[in-house]
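The chain below stands alone and is given in structure tokens; this is the form predicted on its own.
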Amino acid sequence: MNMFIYIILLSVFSTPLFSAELMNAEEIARHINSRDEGIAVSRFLTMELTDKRGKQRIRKTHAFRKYYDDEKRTAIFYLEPKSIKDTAFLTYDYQAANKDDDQWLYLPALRKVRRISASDRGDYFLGTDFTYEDIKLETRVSIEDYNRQTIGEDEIDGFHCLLIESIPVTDEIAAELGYSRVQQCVDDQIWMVRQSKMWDLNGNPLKTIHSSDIRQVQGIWTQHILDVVNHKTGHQTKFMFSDVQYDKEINDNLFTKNTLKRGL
């Protein structure tokens, strides 16, 4: 065989023409949602809210989450400052696609528990740049609300990520969520989202969420800092988690409307 032809054939068959096919986005979403989060968790959450002029407000809370088979319950109780103390939030997240989640907010000034309807889930949560839906999902993703595809690879904070793009399945759901498009960088070693970018209903950049200080707590990968920049308002939110405990006994009574009103 002619040496020149041999070299060409050797090059063709020894060097891949394309990189390995990237994992399907739906499979990535399943990996994210099946990641071990523990049966229950107790943690303190400090919220740092900064407006476009640099003025800061600090909120301190105690947050709890517990799984009941396919149902997830989350409760957040405000501790400081005095002006917002005793405000509380409760959500029941059901896995069944045909069942709306239940969410309630207790406002001490009104002395009543207000139910958050499914159509309100795109509203911002108590002055932060997270929506009620963002708070409910936590580190998971909604399977039913989006059509998604893998669009490439990226690197965040030195970690390799798979990049997925998600589009709401209907215009009505997009209006509820407040997003026309979402891009997420998913760490394919620990299956956590390290960065999310959202676009508003007109297709303009809305906000970016950056997750950092991700480390294991009692064997479970845990994010300790979430930074959000709202590109439309210039407002920023930082969530800082501390004293995270997955092995602490959590009383079921915490996840009731009576406890919302009564407080910790």
Partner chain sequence: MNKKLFCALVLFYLITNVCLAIELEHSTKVKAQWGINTRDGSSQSLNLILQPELVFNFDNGIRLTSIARAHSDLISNIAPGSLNRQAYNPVNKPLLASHELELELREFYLEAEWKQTYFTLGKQQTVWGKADGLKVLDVVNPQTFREFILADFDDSRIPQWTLKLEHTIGPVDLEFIWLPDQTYHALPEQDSTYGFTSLRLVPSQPPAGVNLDLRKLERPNRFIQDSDVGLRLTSFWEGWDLTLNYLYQYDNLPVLFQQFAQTVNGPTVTVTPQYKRTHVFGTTFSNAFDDWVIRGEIAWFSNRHFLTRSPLINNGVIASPELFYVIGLDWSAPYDIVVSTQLFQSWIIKPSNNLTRDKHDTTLSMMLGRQFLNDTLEIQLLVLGNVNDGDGMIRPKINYQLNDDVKVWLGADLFYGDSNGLFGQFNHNDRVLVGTEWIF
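Numbering follows the first chain given and starts at 1. Values in this document were obtained by computation on a predicted structure and should not be read as measured data.
A second form of this protein, the form predicted in complex with its partner chain, is not displayed here; the remarks below concern that form.
The candidate site formed by Arg43, Arg215 and Gln218 is entirely out of contact with its partner chain in the model of the complex, as no residue has a non-hydrogen atom within 4.5 angstroms of it. Contact with its partner chain in the model of the complex, judged as any non-hydrogen atom within 4.5 angstroms, is confined among 201-209, 26-34, 221-229, 58-66 to 58-66. Among residues of the shown chain, Phe159 is not one whose heavy atoms approach its partner chain to within 4.5 Å in the model of the complex. Among residues of the shown chain, Ile116 is one whose heavy atoms approach its partner chain to within 4.5 Å in the model of the complex. Put simply, Gln189 is far from its partner chain in the model of the complex: not one heavy atom of it is within 4.5 Å. For Lys238, no non-hydrogen atom is located within 4.5 Å of its partner chain in the model of the complex, even though that partner is not displayed.
Interface residues of 242-262, taken as those with a heavy atom within 4.5 Å of its partner chain in the model of the complex (partner not displayed): Lys257, Asn258, Lys261, Arg262, in sequence order.
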